[in-house]
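Structure 1 and structure 2, given next as structure tokens, are two forms of the same protein chain, each shown alone.
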Structure 1
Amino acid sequence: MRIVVCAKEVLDPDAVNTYAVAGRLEIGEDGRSITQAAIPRLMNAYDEQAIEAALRIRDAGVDCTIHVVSAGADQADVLKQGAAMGADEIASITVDASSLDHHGAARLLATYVEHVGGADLVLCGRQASDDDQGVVPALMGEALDMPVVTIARAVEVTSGAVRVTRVTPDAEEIVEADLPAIVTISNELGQPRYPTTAGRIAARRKQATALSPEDLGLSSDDLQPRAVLTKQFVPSVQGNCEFLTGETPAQLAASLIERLRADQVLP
């Protein structure tokens, strides 16, 4: 079977948060982009877990080929990370990622899936850490006419079907869908494996398949955005902390309950 994992390069969210809390996160003159060149770029963590989900399927004995695809101007580091983890094939779609909206990204990735002959299973992170939208997998499902199962913490492949354990606010639920299908992976899957030294060395030699939208039969009109980012800003961050007093734990608890009732948090 063929498994395609979609990966996105993002700014390191921890570094972005550090800059924001320190009041040093800057938006460029265009009002839409972050200008700090010192913030590292890396693979979206949810997408890294999607690769891990694919590798666990292989570890379970499923005969599969794992493709990792990423779209952007320079995706070498993201793809080498996927190869080092154990992906069989890596592909880069050269495009100005800032010119794409969710519809364009989904069409680009869906067309890639068709370009490689289709996929039995498409795995994506539940969302990207830079925009937190999580709509590209659903749009891919519409384009490819595949069922979409979201926020998975475990994925198993059986004969002609996929069995997914989903994470919900109330409980876990198990969903089965016929293949081909798209599944989005949540962080509850667990920590992705760390690439071995041998894997990193092999990844250096692995060449990514370089594609353009034209190679996939797409024109600039096909990727015209329907939603355009007009402004991005850094909200002011304020921290307010109040210490409750009391000589004993019981007095502290009583003070806390009294304050929560005063703030109408408790009845």
Structure 2
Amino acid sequence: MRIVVCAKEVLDPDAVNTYAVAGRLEIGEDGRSITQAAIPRLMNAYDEQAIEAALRIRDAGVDCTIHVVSAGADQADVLKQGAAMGADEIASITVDASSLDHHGAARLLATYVEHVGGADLVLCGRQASDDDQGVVPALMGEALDMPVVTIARAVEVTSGAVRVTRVTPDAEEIVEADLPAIVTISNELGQPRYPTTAGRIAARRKQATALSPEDLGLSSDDLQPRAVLTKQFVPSVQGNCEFLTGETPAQLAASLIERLRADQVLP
């Protein structure tokens, strides 16, 4: 069977957080993109876990070919990492990332799936940590007429079906869907494996399939963004913290409780 994993490159969210908190996040002259060269670009962490989920399916003895596909301007690093982790096929779809919206990304990725002859299972991250939208897998689901199971912590493939363990707001549940299906992976899946030296060497030799939208039969009209990012800014946080003082932890605790009672937050 064929498993396609969709992996996006994003700015390191921890670095963005650090700069934002320090009030030093730079937005470029266009007023909408983060331009800081010091912020590394990484594979979206949930997508790394999606690759891990695919590898665990293979480890469980399922005969499968794992593709990792990424759409964007320069996907070489993301794909190399996918190959080093153990992907059989890697493919880049080269587009100008700044004018690609979620609808365009979903269109490209769904068309890629058709282009390779379909997939039994498509694995995505639950959301990309740059825009947090989490809509591309569902849009692909509609385009490919596949069910979409979200927020998986474990994925198992049994004869013709996928079994997903997931945490919903009020339960932990196991659900099943017939293949082909799309599953989005959450952090509860656990740590993705670290590429081995052998994997890294093999990855260096692996050629990525380079595709353009035209190769997939898509025109610029098909990819015309429907949601255009016009502006990005760091929201201000109004701090008014009163720091409590005390000689000992017991005094600090007493002074905190006193404040909370005075504010009627505690009875």
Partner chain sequence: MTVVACTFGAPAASGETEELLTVARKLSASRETALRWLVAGPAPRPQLEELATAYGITTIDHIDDPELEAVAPDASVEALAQYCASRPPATLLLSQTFDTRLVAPRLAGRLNATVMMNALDLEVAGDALLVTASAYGGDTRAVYELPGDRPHVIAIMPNATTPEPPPDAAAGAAPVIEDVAVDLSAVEERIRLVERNAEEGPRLEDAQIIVSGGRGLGSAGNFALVEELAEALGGLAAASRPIVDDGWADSARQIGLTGKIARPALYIAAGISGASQHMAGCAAAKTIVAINSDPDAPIFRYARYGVVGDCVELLGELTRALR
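None of the values given here were measured: they were computed from a predicted structure. Residue numbering: sequential along structure 1, first residue numbered 1. Think of the rigid core as the biggest set of C-alphas that the two forms share within 1.5 Å after superposition.
Matching the description of the form predicted on its own is structure 1; structure 2 comes from elsewhere. Superposed on the core, the two forms differ at S255: its CA moves 2 Å or more between structure 1 and structure 2. Core superposition places the C-alpha of T245 6.7 Å apart between structure 1 and structure 2.
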